[in-house]
Ligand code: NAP
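Form predicted on its own, single chain, as structure tokens, below.
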């Protein structure tokens, strides 16, 4: 019998996960399908219980469900520390994991960017920012969290300090913060389709030695990354973070190594980009 996997979120129409995972299942000859379902925070518990009852192999969670899931599933130690879950496996109950951090790390590795001993400025203080902050701090980076609501940035930095060096601040001195950073991470939805004219920073605030990593992957080249290229800095888009976090979820569910290039090409094709 076919095994079903899914991604839950609201909104969910933009998700590339079905294309990515279904391409992997087809390539590996697995009798599985992956679908997207719109699920709000108030319905998450029922949706997860229902998915388990119907024999789903596992689910991914996207905004706004990652932090809400923590009170529903049995989170592994990393996900519990991060405070967000993006992958749920139904073997032996409902086990929650977070693969965003490792996805971000591998995306930068793929771009030839070493995280250790760098100054990383993360914009945003939500679930993705938490995962990336914990992962990068654990890998030896000095983390600064900058967020519009400054209290949230201080709270997150305090949490991240349990594994490394971190501090929080507001956005009033963003240009100065970027000037001091080696890596800038946009962990907000600013610039995501359909609001593609928006950017959280412009070229005049960047320097050529900066790496700008935008976790937004639709569009592939956000306005932030266009500004990055104008500044002569290194631009890293969000596609490979999506692919690598999805690959880690695939491993958790199936205990096999997924076809990374097939997953990447499926995402690019879904975005209307020529395959690599």
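C-alpha atoms forming the largest set that superposes within 1.5 Å between two forms make up the rigid core. Numbering follows the first chain given and starts at 1. This is a predicted model, so every value here is computed, not measured.
Unshown form predicted in complex with the named molecule; subsequent notes refer to it.
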Practice item. With heavy atoms only and a cut-off of 4.5 Å, decide whether residue 242 touches the named molecule in the model of the complex. Key: yes
Quick one: is residue 152 in contact with the named molecule in the model of the complex, heavy atoms, 4.5 Å cut-off?
yes
With a 4.5 Å heavy atom cut-off, would you call residue 216 a contact of the named molecule in the model of the complex?
yes
*Would residue 58 show up as a contact with the named molecule in the model of the complex if we use heavy atoms at 4.5 Å?*
no
The named molecule in the model of the complex has a heavy atom of only one listed residue within 4.5 Å, and of 84, 115, 187, 178 that residue is 187
Only hit among 102, 78, 163, 192 for heavy atom within 4.5 Å of the named molecule in the model of the complex is 192
Note: the named molecule not shown here; in the model of the complex, the stretch from 28-36, 204-212, 41-49, 233-241 having heavy atoms within 4.5 Å of it is 233-241
Contact check, 110-132 vs the named molecule in the model of the complex, heavy atom within 4.5 Å, ordered by sequence, gives 124, 125, 126, 127, 128, 129
Quiz item: Can a Cα shift of no less than 2 Å be assigned to residue 62 between this form and the one not shown, given superposition on the rigid core?
Solution: yes
